[in-house]
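In the block that follows, a single chain appears as structure tokens, in the form predicted alone.
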Amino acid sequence: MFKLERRMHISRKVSSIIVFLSFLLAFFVTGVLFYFLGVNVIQFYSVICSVFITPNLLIQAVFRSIPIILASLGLVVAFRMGFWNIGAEGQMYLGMVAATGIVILHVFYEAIPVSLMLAVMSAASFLAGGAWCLIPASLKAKLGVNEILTTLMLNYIAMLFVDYLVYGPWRDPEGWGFALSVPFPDYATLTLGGHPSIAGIIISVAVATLVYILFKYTKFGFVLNVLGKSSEVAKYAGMSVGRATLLGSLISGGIAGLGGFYVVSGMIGRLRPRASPGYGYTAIIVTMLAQLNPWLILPAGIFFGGLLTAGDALQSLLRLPSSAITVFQSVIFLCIVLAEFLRRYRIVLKRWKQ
């Protein structure tokens, strides 16, 4: 007879080994699946590996990983305090809207000085993403509404709101009818060192450092950790659970909003429909793979950025659809969920009593 027992404690080393093995399992399962679909598995993985050993492709992988990394760092804050934020995608879209709004204010009304454009755009994106996350946080703190449902539904509202803007009032009057905002001026784009990935890495490392300091050295970070372990313990200790939930959600959504700022300012240079191909959802996988560690978010995010880059090559070389990479990501997520189950529980063999 088998019985599940909850683990009282598991060392970090054993936890890391379980996650690593689950990661290898994802590669094996994906290989078996594609093999039976008639795909050359060796060539499939060779294309993926080539991304990380070819300088130009690696730069592209880093370039595409920045919004994933920023959204993941935002989710670290939310998940550590027990707030299951599935809305990083929508919070990124609100960050894009805020940054584009600042550009429009400057282009048409000259309301923002040139020297302050990037600073104001990033601050607006942070506040917009944080405010969007405050909606489900307030519903949870005041009414006990499940945040998984509300954050997920708000993603679609945010995407459709962007569609309304670029098809309507924010459409570029000189854009030949295409659903695009006005192009960003050069001084409103992230081009440090000639490539936006350099600025993106600097921003990502800075945010990861701040998140690490928040949980390692601040009282508020300690409150968020306790809240994530047990809200009842936090209440018994005299902590303000509602205030911590709201402020933590503001920070979480704000960091995801910075990811949206990078998308429009560093990657596209304007706002358009479906500007994110699912960066916010991929960030959930990255956050779980990194075990909520802000430093591990960086390599994990770059890996998934590499997968997106490899997806383009797979379409041309192996004639595979872009969904092949989505399948791979899904298998990784399922294996991570399995690893999380094994971290929390162990299977014990019980003998029948006569």
Partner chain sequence: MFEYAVNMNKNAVNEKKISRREFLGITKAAAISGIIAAGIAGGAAGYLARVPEEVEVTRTVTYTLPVKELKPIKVGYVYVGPVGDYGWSYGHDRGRRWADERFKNVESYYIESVPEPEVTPAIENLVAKGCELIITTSFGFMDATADAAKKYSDRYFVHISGYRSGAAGNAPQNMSAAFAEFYQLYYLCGLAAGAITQTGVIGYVAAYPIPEVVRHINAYVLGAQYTYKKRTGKDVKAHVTWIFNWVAPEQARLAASALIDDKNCDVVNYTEDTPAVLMVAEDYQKKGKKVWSFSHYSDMREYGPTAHLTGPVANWGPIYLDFYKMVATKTWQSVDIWARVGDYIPWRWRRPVEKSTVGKEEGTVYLLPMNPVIPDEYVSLIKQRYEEMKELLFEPFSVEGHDPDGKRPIRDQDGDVKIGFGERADRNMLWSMDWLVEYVEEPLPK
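Treat the numbers as computed from the prediction; the structure is a model and nothing was measured. Positions refer to the first chain, counted from 1.
Keep in mind that the form predicted in complex with its partner chain is not shown, yet the notes after this line are about it.
F63 within 4.5 Å of its partner chain in the predicted bound form, heavy atoms: F63: contacts its partner chain in the predicted bound form.
Any non-hydrogen atom of P299 within 4.5 angstroms of its partner chain in the predicted bound form: So P299 does not count as contacting its partner chain.
Exercise: K142 in contact with its partner chain in the predicted bound form, heavy atom 4.5 Å: No.
Its partner chain contact at I42 in the predicted bound form, heavy atom, 4.5 Å: Contact with its partner chain, no.
In the predicted bound form, the residue from F108, Y156, Y187, F178 that sits within 4.5 Å of its partner chain by heavy atoms: It is F178 that has a heavy atom within 4.5 Å of the partner.
The unique member of V162, A124, A275, I251 whose heavy atoms fall within 4.5 Å of its partner chain in the predicted bound form: Checking each option against its partner chain in the predicted bound form, the one that comes within 4.5 Å is A275.
Which of 265-273, 201-209, 84-92, 112-120 sits within 4.5 Å of its partner chain in the predicted bound form, heavy atom basis: Stretch with heavy atoms near the partner: 265-273.
Any residue of 295-321 that, in the predicted bound form, places a heavy atom within 4.5 Å of its partner chain: Residues within 4.5 Å: L308, T309, D312, A313, Q315, S316, L317, R319, L320, P321.
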